[in-house]
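Just one chain follows, in the form predicted on its own, and it is written as structure tokens.
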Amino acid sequence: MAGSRMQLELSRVVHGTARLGVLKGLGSTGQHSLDVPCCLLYTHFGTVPHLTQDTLHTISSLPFVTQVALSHVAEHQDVLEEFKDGLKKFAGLRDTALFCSLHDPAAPCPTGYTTNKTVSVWGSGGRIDMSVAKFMALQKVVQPDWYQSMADGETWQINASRKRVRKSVDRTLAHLDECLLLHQKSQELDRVSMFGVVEGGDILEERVRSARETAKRPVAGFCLDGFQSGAMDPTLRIQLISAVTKELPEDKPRLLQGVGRPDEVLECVEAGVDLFEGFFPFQATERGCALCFSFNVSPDPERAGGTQTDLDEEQHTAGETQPNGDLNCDDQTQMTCFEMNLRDKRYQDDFRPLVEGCGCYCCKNHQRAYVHHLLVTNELLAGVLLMIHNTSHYQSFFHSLREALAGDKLDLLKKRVLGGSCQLADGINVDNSKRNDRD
């Protein structure tokens, strides 16, 4: 079996589908683990944007798994082949397991270039066509701990026809079978795990078929593709994810791709998702924003990201700062109500930390006014400080999420995260029991 060492041990299931547990058997020795639900560490070619390895490790409780996109790696295949020791050593990564995804979740991926034999990824030099043979050759030189199979993921667009969606499922399953065959023959990939990819667009029958057929294959886990923010109606997305997870074995992890906003994370965890890509802090940093949403279900404010009163105030301020700070935002480049825009002039003489009670390096040592100054003068340090804070804040949110699942406080956490400006943004109903089913 591909990746037989990886095993998910569940400790609790809340509200029927929200899962709390430990993913074991990670790393080259198989001795490491990952508490779930959680997010992976987002990188560009193995490096967290704006941060050196030393700076990164000033952040406590980083996830053990680092994500790298094949779209960043493909154009450097020759260099990695000559280096011979894999991407982790090449990029100077330490104390981490490496997950290799097909695409960068924070970068646009043009569609219309997939064939029956190839998929395309987009690097800095443009489009790169990959057959299964080339895809698997890249995995051998990257030497990840686990990777997703090659897939036709172009049916997330709302105008995809039923025929096109059916073809994408068939192609993805055919790619998976070819990848598994080459994987099992490869000595270099002997201790590497493979995740199968569930496709199906917005068609329930195809989603269920994709999930059932993928679950029959000897994969270590599952990537749920095509659900990214703005790709489909949020209610339909949850209905489809719920239908998919019912078809998947309980002892294998489910990784949802392209979803990172806190409100969406909570909904998807309730639908049975275990793992997320950690690109949301990077997107907020690129907007010049600091994450400031509240998630305090712990008596320790430093571990929970600040006191409830302080963070409620920040959410209210954040909602006033930027008119497009919208909860139901289809464009991932737009500011959300979970962040404050530090480019705004109101912060030029605000000498408070980004978030009161936050224990990150930025909040302990700098003020909003200083980060505002760095942003408006285009200083590189702005990105460094914001990335430190945003990564720390986001990881603390997942810590509180696991704490809420363990302590029967999930409803309280939802109230914290969805309260204030977010709840007022467009009157979205946060009670799952009141959603309308959709066929």
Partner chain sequence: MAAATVRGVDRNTSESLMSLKKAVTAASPLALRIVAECPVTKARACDLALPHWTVSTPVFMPVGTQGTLKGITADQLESLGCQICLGNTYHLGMRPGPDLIERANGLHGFMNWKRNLLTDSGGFQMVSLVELSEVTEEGVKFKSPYDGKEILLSPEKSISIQNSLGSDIMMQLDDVVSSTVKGPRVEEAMHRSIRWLDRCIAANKHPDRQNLFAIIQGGLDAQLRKACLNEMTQRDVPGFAIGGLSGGEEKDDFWRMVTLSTDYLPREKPRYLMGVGYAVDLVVCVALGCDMFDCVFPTRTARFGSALVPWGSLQVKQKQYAKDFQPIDPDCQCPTCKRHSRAYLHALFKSDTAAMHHVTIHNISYQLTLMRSVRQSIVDGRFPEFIRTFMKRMFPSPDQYPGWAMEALASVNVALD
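Positions refer to the first chain, counted from 1. Just so it is clear, the model here is predicted, and its values are computed rather than measured.
Quick note: we don't show the form predicted together with its partner chain, though the next part is all about it.
- Only one of 42-50, 59-67, 29-37, 400-408 lies within 4.5 Å of its partner chain in the predicted complex by heavy atoms, and it is 42-50.
- Scanning 369, 109, 203, 236 against its partner chain in the predicted complex with a 4.5 Å heavy atom cut-off leaves one residue, 369.
- Of the residues given (184, 116, 348, 161), 348 alone sits with a heavy atom within 4.5 Å of its partner chain in the predicted complex.
- Against its partner chain in the predicted complex, the set 128, 135 and 140 makes no contact: no member has a heavy atom within 4.5 Å.
- Its partner chain in the predicted complex is approached by residue 94, whose closest heavy atom lies within 4.5 angstroms of it.
- In the predicted complex, its partner chain sits beyond 4.5 Å of every heavy atom of residue 167.
- Residue contact with its partner chain in the predicted complex: residue 171 places no heavy atom within 4.5 Å of it.
- Using a 4.5 angstroms threshold between heavy atoms, residue 413 stays clear of its partner chain in the predicted complex.
- Contacts with its partner chain in the predicted complex, taken as any heavy atom within 4.5 Å, map within 359-384 to 361, 365, 366, 367, 369, 370, 373, 374, 376, 377, 379, 380, 381, 384.
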